[in-house]
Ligand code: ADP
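Taking the form predicted alone, here's one chain by itself in structure tokens.
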């Protein structure tokens, strides 16, 4: 039983939704019986999913029970349950509105997590594994080990906790302790207490049977003070239960040979369609059809995590060369303003679209020559994987999942037979600017070497089947 706050095709704000759908499907393909519980957000009630359980009473703490109902949707081999509690989930946003995060987020998602246990009992479904995702469902381990410690129904259930992004920790006021069912005896620095507040992710690390960051590289970084988002002591304490497993890619959606959202299909054997994709992208966004100029693409949330505070100055340097940029993203208004200024200052050379368009994202991946990902940290990252499949060389900072997936070309080019992109180490303007200049030189001065890296990149595969096998081995080790 997976429990998550998002699920691709139902509700999505980021990569968590993709994993919550793709991993259960891949596990089902290996023969596992997999079910998923997610919130029934307001718009989902209009989709007329069958109501499986009209009334389910969930005891969240010592004195309160919450009434809800359960809808059901069969997504291929995976049964998806939707928790309906309109007071909590019929809102404009998943986690926030125009005024900021919802104050009762701890209560909303604690109810989701606790419902997973009560739903299993109502269905007489005894899960070997209850798999929780990020801070929203981090209390699964605590509930299993404290609330249901003496319940024989869950005697053989183990809790696996995925850390998709450790920067989001579910920090909240200590007044929520009793409401969400945390015994004050567990409000300690070793468990939930964090500078006087509740830290849900910290408690998830303390009480889960296995902690799984979404790449081996990110797992290593969570053990170090500078890269652990302040929780290195907690991760080190529980290091024996920590295992990084790299996310997979859904190649059914991201494959230039079959992608219907791009103007021409192509393969590693015949790249002529990629040239047409580049020309079409340039035309559609108002850039000159310069085949000989490298086109740099970016699709990203505009946040500090993604490195924009040093990327934007480096782009100003890059634009002194004959290059083009196509940028797509939304987020921090400060970065939005800077990218707008960049585009206005370089007409015909830079195009920036604020927001998100799935079609434009696919067209940028297919039409670009290089893809920019200079992240400060990246738990896994997917765009670098998409880029390689589309023959678009990723330019990455070597951190987290980026260093697990991209093989950077060495300065002496001695690894040309295996390199799949370009990389740099330190998040500073100078290193990134030098890496961007290397990209320009590679594209314009060494076309045969560029073509070799392109072939190397397109041959890479990071499948969900491989990831699911790793998860299944972990599950079996816990039983």
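Numbering follows the first chain given and starts at 1. Just so we're clear, the structure is a prediction, and the values are computed from it rather than from any experiment.
Below: the form predicted together with the named molecule, not depicted.
Across the options 354-362, 336-344, 316-324, 147-155, residues that bring heavy atoms within 4.5 Å of the named molecule in the model of the complex belong to 354-362. Of the candidates 235, 135, 386, 142, 386 is the one whose heavy atoms come within 4.5 Å of the named molecule in the model of the complex; the others do not. Between the options 217, 106, 381, 367, the residue in contact with the named molecule in the model of the complex by a heavy atom within 4.5 angstroms is 381.
When the named molecule is considered in the model of the complex, residue 306 lines it closely, a heavy atom lying within 4.5 Å. The named molecule is not drawn, but in the model of the complex it has no heavy atom within 4.5 Å of residue 9. Of the heavy atoms in residue 329, some are within 4.5 Å of the named molecule in the model of the complex. The named molecule is not drawn, but in the model of the complex it has a heavy atom within 4.5 Å of residue 254.
In sequence order, 299, 300, 301, 305, 306 are the residues of 286-313 having a heavy atom within 4.5 Å of the named molecule in the model of the complex; the partner itself is omitted from this view.
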